[in-house]
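First, one chain by itself in structure tokens, the form predicted alone.
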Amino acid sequence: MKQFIRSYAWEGTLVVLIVLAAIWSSTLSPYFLNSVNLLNSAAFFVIFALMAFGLFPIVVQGEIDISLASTLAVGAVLLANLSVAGIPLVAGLLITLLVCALLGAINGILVAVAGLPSLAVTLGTLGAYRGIAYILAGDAGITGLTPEYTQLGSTWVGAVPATVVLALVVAAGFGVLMGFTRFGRASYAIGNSAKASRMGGIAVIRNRVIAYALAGAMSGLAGLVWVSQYQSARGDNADGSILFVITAVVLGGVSIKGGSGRALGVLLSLVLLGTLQTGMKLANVPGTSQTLVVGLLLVASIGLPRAYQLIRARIAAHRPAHARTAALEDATPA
């Protein structure tokens, strides 16, 4: 039991923070705890959740992808164009997922095969993919989508929005993928040591390309949710959202250096961030200040574990010295 509590200590901390954030938000408005309001608020964050779960395996492998929002924009604009062209949703979604997966795979090839830094690569493709989205969307964006493409955003499964159900299914899927499959085990091993993984027979290049392609496909799926909710697509869709996505992953306990983290932590951090942002909106906190809070949470989620490690290392280093001093004092005659 102690081992379980120690293993899931961070997730437990997130649960406590969610409760505190919910109490704070409920004091700002009596409508916060209304079930319909909560579910509608959750539906708003599904787009970021899908990108966060796509980023999750990449960060576990010790890499990063800051181009996901631009990939989403390409996916949303492509879907809108296919809708206007009269392409059925199933075919349009399949095409979009393949295209977005290809964009992700390009990132993976540049990182894993060419050996380029993931931050530099995805910073470049962030701009390049955004440019593609603007070209596909034109100056005015795309409207007039068919009902088939926008149905998901207005569909409820019982008392829950269909998009929220989709996010929960994706969360469960990534929990299984990273916890019980060969790809998941390889990802954690690569994050701990790519060199040792390679020597152990793990296909590091292949697994990294798969991780980036999967993240691209998830951004394409987020693009579907975007067009279904907003019934339009523009080249600037989801611009600036990558800060929230990265914060959700790192705040969820996924080490920015790779090798650790769970899908459950990512899900809980998304709930926490969503609760905080909803509360800040109820308190009429400006958007710039909300961005500041998210940024500070990102810094804290990176800095606090490191500070904890340093404190533990210092305590461990001083323990033998204290023991020796106590022994000498006991051995000294009065």
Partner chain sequence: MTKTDAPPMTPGVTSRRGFASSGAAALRVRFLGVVVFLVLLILVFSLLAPRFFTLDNGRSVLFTAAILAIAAAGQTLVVLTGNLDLSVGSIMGVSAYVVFDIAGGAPALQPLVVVLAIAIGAVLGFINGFLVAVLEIPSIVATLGTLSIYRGFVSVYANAQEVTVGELPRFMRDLATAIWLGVPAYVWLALVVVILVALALRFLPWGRKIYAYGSNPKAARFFGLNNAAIVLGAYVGAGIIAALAGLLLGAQVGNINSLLASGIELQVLAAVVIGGVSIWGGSGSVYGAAIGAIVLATINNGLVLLQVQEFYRLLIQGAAIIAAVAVDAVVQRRVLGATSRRRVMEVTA
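Numbering follows the first chain given and starts at 1. Small disclaimer: the values here were computed from a predicted structure and weren't measured.
Although not depicted, the form predicted in complex with the partner chain is the subject of the following passage.
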Within 4.5 Å, heavy atoms only: does L94 come near the partner chain in the predicted bound form?
no
In the predicted bound form, is there a heavy atom of the partner chain that lies within 4.5 Å of any heavy atom of I246, even though the partner is absent here?
yes
Using a 4.5 angstroms cut-off on non-hydrogen atoms, would A114 count as touching the partner chain in the predicted bound form?
yes
Against the partner chain in the predicted bound form, would K257 count as a contact residue? Criterion: heavy atoms within 4.5 Å.
yes
Tell me which of 22-30, 285-293, 267-275, 48-56 has residues with heavy atoms within 4.5 angstroms of the partner chain in the predicted bound form?
285-293
Taking 4.5 Å between heavy atoms as the contact cutoff, choose which of L98, V160, V169, L119 touches the partner chain in the predicted bound form.
L119
Within 4.5 Å, heavy atoms only, which of G173, P147, G124, P88 is in contact with the partner chain in the predicted bound form?
G124
The partner chain in the predicted bound form reached by all of G131, Y134 and I302, non-hydrogen atom within 4.5 Å:
yes
